[in-house]
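Considered here are two forms of the same protein chain, supplied as C-alpha cells in two stand-alone entries, structure 1 and structure 2.
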Structure 1
C-alpha cells in the first residue's frame, strides 16, 4: 500500500472516529499544569482528542507516553486529563498550544486538518509506516473515569498503528513512574512500584543510627486518603512495610465519604482545619493527608489548645526536612577520613521554590548554606530547574514536590558506593552513599508522589530522632494573605524575576515597593492568573494584621493601574 493510500485511510479514520465525540456547545478548553479539567460529563471529546495528542507525542519521541484521567483535588463531579512525557514528567510546553487547538477544533474536518498540519510541521509520519505508538493509560476512582477511559482509547485507536495499555486504577504519580520506568527498559507494573518503595524504605530504616530513636518519635502516622485512590493504594502498600504503623482514614471505601469533600491536602492546607474523621481523639498524633490523586502531601497535628485548629506542616517544611537530610549525607560522604577513598564527589545541591514559598522557609534554607532558586509558579518550572542540579529538591507549599538525582550523578554515586564497599564497608561514608542511593529509589523522580514522600518523611524523622514538635519548630512561618483582583485584561500585567517584579504597567512596581517599605518583614508580589482575568496578590509581614493591610493596599494599586 502506498503512503498516499495510507494517508487517505488515516484521514477517513480520524473523520469517522471524531464524529462520535462532538465538541460541547459553548465550552473552551485550555491545557495547563493540571492538563484539561472540567465537569466530567463534558469531557469525552477532550479526552478523545488528548488520546490523539498522546499518540503523536509518542510517534514524535519514539517512546511510550502516559495519559492520566484525573482532576486531582477538584470536586468529585469534575474530571480531567493530562499527558506524561517519556521521562515521566509533564508534557512539554511546546505542545500545549496544539493540544488546546485540537481540543477546541469545532468539527471533525477542522480536527483532521489540524492533525495533518501539525504532523507535517513536526516531521511525524502518519499511516502506520512501521512506527508504533504506545500509550499507558491510568485513571482515578471518579465515577466518570470509566467512560472517559473509553474515549481516550477511541482517540488512540483513531491513529493507525497506535496501542493503548490500560494500567488500571492508579494514583497520578504511579502512572508517571510507570512511563519513566518503561522507557528506561525496566518493569513498569504496580507490584514493582510497591516493591521498590518497600525495599528502599526498609534499607533506610535499617540504617537509622542507633540511639537516635527518641521515645517521642512514634512509628505511628494517621493518614487522610481524601476518599480517593491514594488511600486505597496505601492500604495495599503498608502490608509490605516494616517499622511503621500506618493508619488510613477516608480511604475511599464505598459509603465512607465523598472524594475531596471536607478532606484532602488541598482542603487542609488552604482552610487550616482538620479533615473529616479527625478530632480531639487525635490530639498529639502525627497526621498526614493526600489529595485526591495522591500527588500532594502535607502533615498536620490537631491543636491541643483549639480542637478546631491544626498545626500545619506544609510543603515548605517537608522540603526543609529533606534538604537537611540530604545535606547531612553529602557532608558525611565527602568528609575526610582514613577510609581509603578520600576523593570528593562534587555535588551541586539545589533547592527550588516559587515566590509563594513562605519567606521564613527561604531564609531558613539560606541560613543552612543551601542554594535556593526561585522559578515562576507551576510544577513544570520547578521540575525543570531542579533537573539542572546533581541533586535538586523542589516543593510547593501545597505539598507537591520531589527530589531529582541526575543520571550522571547517580552513576558517580554508585561507583563511589562500590569503592567504599571494597575499602571500608559499613563505614559512615559507605552508609551515607547507600542512604542517598536508597532515597533515589524511594522518592518518585518523575513527579510529586504523596505515598513515596510520606515514607521518606517518616524515615527521615526516625533518622533525625525528631518529634513532630521538633519539625514544627524548625522555623516560624511569617503571616501571609492572598487576594484576587478582578481586571478586564490580565495580560496588562507582565512580570519578571520569577514573577516577583512587575515590568508593566510602568509605575506599579514602585507603588508596591512603597507599600512594602511600611511593614516589618514585608514582602508582596502580584501575578496574573493563568486561566482567568484576575490578578493574584500575595503579601507577608511580621503580623497577620500587617499582612492583611499590605495585601489590601497593593490590591488597591492594582485596581487603580488596571482599572
Structure 2
C-alpha cells in the first residue's frame, strides 16, 4: 500500500465514522479544569472525538494513554471525558486547544481537516504504517457510561492501527494508575492495584510503633461512597485488608440512593453537612467521604451538639497529617546514630496548595518549617509543581491530592534501605526507609486517589496514636465563605500570583484590597471558574460574619465592574 493510498483510506474512514456522531445543535464544548463535561446524552460526539485525540496522543508519545468517562461529582445525568497522558497525569495542556477545536468541529469535513492539519504540525504519521496506538478505557457507574464508551471505541477505531483496551468500570485514579503502570512495563490490572494497596498498607501497619496510644485509636471508619464507583471498589478491597474495620455506606447498590445526590465529598465539603445515610447514630465516629469517581477524599465527624452539623476535616488537614508523617520519617532516616549509615539522604520536601487552602493550614505548615508553594486551581498545576520535588505533597481543600516521589529519589531511597538492611536491620532508620517506600506504593503516584488516601490516613493515625479529635486539633480553620457571581463574560477577569491578584479589569484589585483592609485576618480573591460559567469569590476572616460580609462586598464589586 502506498502512503498516499493509506492517507486516502484514513480520510474516508474518518469521514464515514464521524458522520455517525454529529455535533449536537447549539452546543459548544470546552476542555475545562477536568476535561469535557455536559449532560451525558449530549456527549457522544465529544467522546467519539476525544477517542481520536487519545489515539493521536498515543501515536505522538509512542506510549499507551487513557480515556476516562466520568463527570466526577456532577449530577447523575451529566457525564464527561478526560484523557490521561502516558505517565498517568492529565493530558498535557498544550493539546487542549486542539481537543477543544475537534470537539466543536461543525461537520465531518472540517473534523478531518483539523485532524490532518494537526497531525502534520505535530509530525504524527497516520495510516497505521507500523506504529500502533493503545488506549486504555475506563468509565464510572453513570447510566450514560456504556453508550459513551461505545462512542469512544468508534472514535479510536476511526484511526487506522489503533487499539482500545476496555478496562471496565473503574475509579478515575485506577485508570490513571493503570496507564502509568502499563507504560512502566508493569502489570496494569485491577487485581494488581488491589494487591499493591493491601500489601503496602499491611507493611505500614506492621511498623506502627508499639506502645503508642494506638490501642485507643479506633480501627473503625465509616465511608460514604457517594453512590458511585468508589464504594463498590472499597467493598472489594476491604476483604484483603487486615487491622482496619471499614464500613461502606452509599455504595451505589441498587436502591441505596442516587449518585452524588445529598452524598459525596463535594456535597459534604461545600455544604458542611452530613451525607444522607449518616445521623445521630454516628456521633463521634470517624467518617470519610469520596466523590462519584473516587478521586476526592474528605473526613468528617458528626458533632454531638447538632446532628446535622459536622466537624469537617478537609484536604488541607489530610495534607497536614501526611506532611507531619513524612517529615518525621525523613527526620528519623537522617538522624545521626550508631545504628544508621551516616550518609544523609538530602530530600527536598515540598508542599503544594492553591489559594483556596485555608490560611490557618498554610500558617501551620510554615510553622512546621515546611516549604509551601501556591499554584492556580486545578490538579494539573499542583501535580506539576509537586513533581519538581524529591517528595511533593499536594492537596486541594476539596480533597483531591496525593504524595509524589521522584523516580530518582526513590532509587536513592531504595539503595539506602538496602544498605540499612545489611548494616542495621530492624533499626529505626531502616524502618523509616521501609515506611517511606511503602507510602510510595500505597499512595497513587499518578493522581489523587480517595481509596489509597483513605488507607494512608488510617495507618498514619494509628502510627501517631491520634484520635479524630487530635487530628482536628492540629489547627483551627479560619472562617471562610465562597460565593458565585454570574457575569456576562467571565473571561473579562484575568489574574496573576496563583490567582490571588486581579490584573483585569483595572481598578478591581484596588477595590478588593480596600475591602480586605476592613477585616481582621481578612483575605479575599476572585477568579473565573474553569468548570462553570461564573466568577468565584473566596473570603476568609477571623469570624464567620466577617468572612460572609467580606465575600458579599467583594461580590458586589465584581458585579459592578463586570455586570
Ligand code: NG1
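Residue numbers count along the first chain shown, from 1. Given the structure is predicted, the values throughout are model-derived calculations rather than measurements. Think of the rigid core as the biggest set of C-alphas that the two forms share within 1.5 Å after superposition.
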| query | finding |
| --- | --- |
| Pair member that is the form predicted together with the ligand | 2 |
| CA of residue 552, rigid core aligned, shift of 2 Å or more between the two structures | yes |
| Displaced residue check between the two structures: residue 494, CA, 2 Å or over, core reference | yes |
| Core fit, then residue 62 C-alpha moves 2 Å or more between the two structures | no |
| Core-aligned CA shift between the two structures for residue 511 (Å) | 2.9 |
| Between the two structures, C-alpha offset at residue 531 (rigid core aligned, Å) | 5.2 |
